[in-house]
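Single chain ahead, by itself, as structure tokens, in the form predicted on its own.
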Amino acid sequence: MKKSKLLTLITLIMATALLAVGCGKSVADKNISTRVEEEKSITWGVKSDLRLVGLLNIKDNKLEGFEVDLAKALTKRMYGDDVKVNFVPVTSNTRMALLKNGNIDALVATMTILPERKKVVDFSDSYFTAGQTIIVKKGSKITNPQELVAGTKVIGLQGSNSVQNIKKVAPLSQVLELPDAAQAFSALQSGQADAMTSDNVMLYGLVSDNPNYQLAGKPFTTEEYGIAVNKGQKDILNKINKTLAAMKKDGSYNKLLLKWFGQIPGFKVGDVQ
């Protein structure tokens, strides 16, 4: 091919690409609710390493937990039985990027509604009230977060606000950050730290499977969880809020809470409404 023709071809390709970028919309910018209705498919971002909340069952390779069931119930009520529900596992560190990139349509993943986050995404009304505390091995001298003094170590999760919160409560303790709850708890079990901190709803699941560990002290924060969607997605956000309210009113929301947390000592359904 002659040089002049090659340059012309390259210029044409570049112009076409720029035109597509300038005129098109990213996946995250498109009306999610309309797309779900047309394609009969919705993708939720959920946790996959938290028992009771969102956990991958290795026996059948399916995700299960309160937030998984909540996403299924919301989808059915908003769009009917013929919409396929897809799940993408997320961590506190990856969830925001996956949502902003359009890999998922909405996040129901233990995400606290915070002012700085509201600048980036939109949140539904609160669907769960949690509180941050710590877990320790039974027999530990540490009985509450304030006893994490100089010389102690506590593990938090990357991308969560729990790291900043524990630094305020226990400023002299060394905080180690790990990507997800499974790695964090394994590190605690191996003696790499004296405690692990997170929201109590997450810690409930860990201690229910590991009786040698226990929650230590009362929650020192109030964490209102919200379902996150990209900015501008008012249609699906309105549907979510309307459906959440209906589920709370008719009792179906409480049934999900009792299914997953009813046997947890100290858990009260009324505390999360």
Partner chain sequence: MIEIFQTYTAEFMQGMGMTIFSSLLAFAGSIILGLVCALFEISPIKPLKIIGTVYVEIFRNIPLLVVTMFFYIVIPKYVMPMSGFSAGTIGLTIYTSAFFAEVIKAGINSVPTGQWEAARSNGMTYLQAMHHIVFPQAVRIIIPPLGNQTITLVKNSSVLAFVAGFDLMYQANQISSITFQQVPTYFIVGILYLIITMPLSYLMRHLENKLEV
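Residue numbers count along the first chain shown, from 1. On a predicted model such as this, the values are computed, not experimentally measured, just so you know.
Here the subject shifts to the form predicted together with the partner chain, a form of this protein not shown in this document.
Participant: Pick from 144, 152, 129, 186: which residue has any heavy atom within 4.5 angstroms of the partner chain in the predicted complex?
Facilitator: Going through each option in turn, the one that passes is 186.
Participant: Please identify, from 74-82, 144-152, 178-186, 194-202, the stretch that has a heavy atom within 4.5 Å of the partner chain in the predicted complex.
Facilitator: Selected range: 178-186.
Participant: May I ask you to check whether residue 117 falls inside a 4.5 Å heavy atom distance of the partner chain in the predicted complex?
Facilitator: Heavy-atom contact with the partner chain at 4.5 Å: present for residue 117.
Participant: Would you check, heavy atoms only and a 4.5 Å threshold, whether residue 86 touches the partner chain in the predicted complex?
Facilitator: Outside the cut-off, so no.
Participant: How about residue 158: is it within 4.5 Å of the partner chain in the predicted complex, going by heavy atoms?
Facilitator: Yes - in the predicted complex, heavy atoms of residue 158 and the partner chain come within 4.5 Å of each other.
Participant: Residue-level question: is residue 169 within 4.5 Å of the partner chain in the predicted complex, judged on heavy atoms?
Facilitator: Residue 169: no contact with the partner chain in the predicted complex.
Participant: Any chance 140, 222 and 257 all have a heavy atom within 4.5 Å of the partner chain in the predicted complex?
Facilitator: No, the candidate spot makes no contact with the partner chain.
Participant: With the partner chain taken in the predicted complex, which residues across 77-103 come within 4.5 angstroms through any non-hydrogen atom?
Facilitator: Going through 77-103 in order - heavy atoms within 4.5 Å of the partner chain in the predicted complex - the hits are 96, 100.
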